[in-house]
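Next comes just one chain, in structure tokens: the form predicted on its own.
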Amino acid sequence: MMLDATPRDTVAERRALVANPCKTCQPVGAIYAALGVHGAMPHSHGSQGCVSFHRMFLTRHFKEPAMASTSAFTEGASVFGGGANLKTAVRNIFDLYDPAVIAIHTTCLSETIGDDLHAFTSDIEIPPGKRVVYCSTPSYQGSHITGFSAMTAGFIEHLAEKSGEPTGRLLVIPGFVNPADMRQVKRYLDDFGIDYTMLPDTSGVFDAPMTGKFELYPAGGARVAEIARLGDAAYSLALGYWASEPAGNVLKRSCDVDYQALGLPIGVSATDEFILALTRYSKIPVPPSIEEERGQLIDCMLDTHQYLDKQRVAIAGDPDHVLGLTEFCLECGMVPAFIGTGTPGGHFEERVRAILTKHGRKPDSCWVKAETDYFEIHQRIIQEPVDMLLGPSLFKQIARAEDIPLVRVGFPILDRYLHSYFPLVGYQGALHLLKAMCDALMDRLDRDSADADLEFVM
């Protein structure tokens, strides 16, 4: 087994080496954000191999094609700069693929040689009615989450304008979530009768139906015209402190549109906070259909409490997801033992400890770390075993090595299908998660029980 050699004890703090990272690189998130804008063509300013990997990563998670173009650096561009490549690429992309907007992001190579996207794009002749936006996303910094955040902020920075004629619309930045999550958030907004723009919006893009005809630009996605009017929006809701809040901050600074940052609405408390924010904004009471959903979730949590209570869990993945998952586990009576993310910044450890304190746990009652990797998490699990793993497919090898049930959640999920069609956010999303966690633990009970103890009713 490939992880049999993982040592039990941590010898020293590792700073110059990451083993099995708990993240992927910024351009992956930048492409995902760009594909949430209708008619956008993501463009990778770097080598052809870079964009091939980034597209592959998204395609394997969603089981749908992720389209993107590249500046296709050669040795010459690597030495003398990629300006000529970018100018030629932009002209060819508009001629061949006719996008509404080209969304350019950098890579390690273009950042290392010092390419100036502002100077390059200022010197490009852009066809009438077309737009070009850009952002900086070197892979040696941040993660796919910060790349998503940078591209979302890039669309706002380069497209949003303030005309002085208020639209009364609400901007909702959904975070790095699946299309099903975005659909769930939009359903809540519709239930409150709120006029909104969601940026980005990959529903109808990465979950588009099979029609027998290939669509380069599927029907979904935020419209460029709507993004341009965001400067006149009434308010912004940023769901996720890492993936979404920076974009809300950009719109606040550039167009003076106030915003509120919330955690991803995963579980009871976080969804309550989101629903109350919609109530305050819309000035109407919570619709009965939403109250019914919440009541169903609470009932199911009570029904399953005997199987989840006191179960130790290790949680890893994207920071916004991990915060929500940690709180929901605590709401279910579980014991978070190890909590980690590969994404830097954002006061991750302080936010986790605040959640622990809120639920009556000591702030130091579990191991919490940002910028960690699965190698280190595995070492901790060897030292103090847990009952369940909660996180992406990258947990799979640890689950096998230590014989621990794994509930796949977050990004990426590469070895299972259909997950992106079921929400994680909202009360319905919590029900899906609750079922998955109970199934995993009860399957383990069945597997380990003696014949005399194997029951049909548990």
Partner chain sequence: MKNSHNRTKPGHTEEQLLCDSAQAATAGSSTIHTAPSVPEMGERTGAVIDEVLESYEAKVFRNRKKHLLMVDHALEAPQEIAANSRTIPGILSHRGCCYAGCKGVVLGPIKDALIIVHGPIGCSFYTWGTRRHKASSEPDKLNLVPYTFSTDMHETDIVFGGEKKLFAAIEEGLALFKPEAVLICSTCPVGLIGDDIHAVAARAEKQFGVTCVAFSCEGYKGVSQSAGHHIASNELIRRIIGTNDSPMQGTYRVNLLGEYNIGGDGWETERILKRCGITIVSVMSGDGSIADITRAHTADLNLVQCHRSINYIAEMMQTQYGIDWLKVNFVGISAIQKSLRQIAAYFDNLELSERIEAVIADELAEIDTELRSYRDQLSGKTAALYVGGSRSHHYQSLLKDLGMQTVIAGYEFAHRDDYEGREVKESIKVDADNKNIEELSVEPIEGKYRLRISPEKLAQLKASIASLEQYEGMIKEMDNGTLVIDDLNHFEAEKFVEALKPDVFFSGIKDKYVLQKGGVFSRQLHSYDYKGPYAGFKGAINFAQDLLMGLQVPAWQFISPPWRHEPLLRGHVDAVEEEASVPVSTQTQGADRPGGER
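Model, not experiment: these values are computed from the prediction. Residue numbers count along the first chain shown, from 1.
The form predicted in complex with the partner chain exists for this protein as well; it is not shown, and the discussion that follows is about that form.
Of the candidate stretches 402 to 410, 424 to 432, 32 to 40, 53 to 61, only 53 to 61 has residues whose heavy atoms lie within 4.5 Å of the partner chain in the predicted complex.
Listed residues R91, H305, R223, R253 were compared with the partner chain in the predicted complex; R91 is the one with a heavy atom within 4.5 Å. Between the options V386, C108, L297, V101, the residue in contact with the partner chain in the predicted complex by a heavy atom within 4.5 angstroms is C108. Heavy atoms of every residue among D4, A19 and T24 are located within 4.5 Å of the partner chain in the predicted complex.
Remark: E293 does not count among the residues lining the partner chain in the predicted complex, judged by a heavy atom distance of 4.5 Å or less. Contact annotation for W242: none of its heavy atoms lies within 4.5 Å of the partner chain in the predicted complex. The partner chain is not drawn, but in the predicted complex it has a heavy atom within 4.5 Å of A72.
A residue is said to contact a partner when one of its heavy atoms sits within 4.5 Å of a partner heavy atom; P209 meets this definition for the partner chain in the predicted complex.
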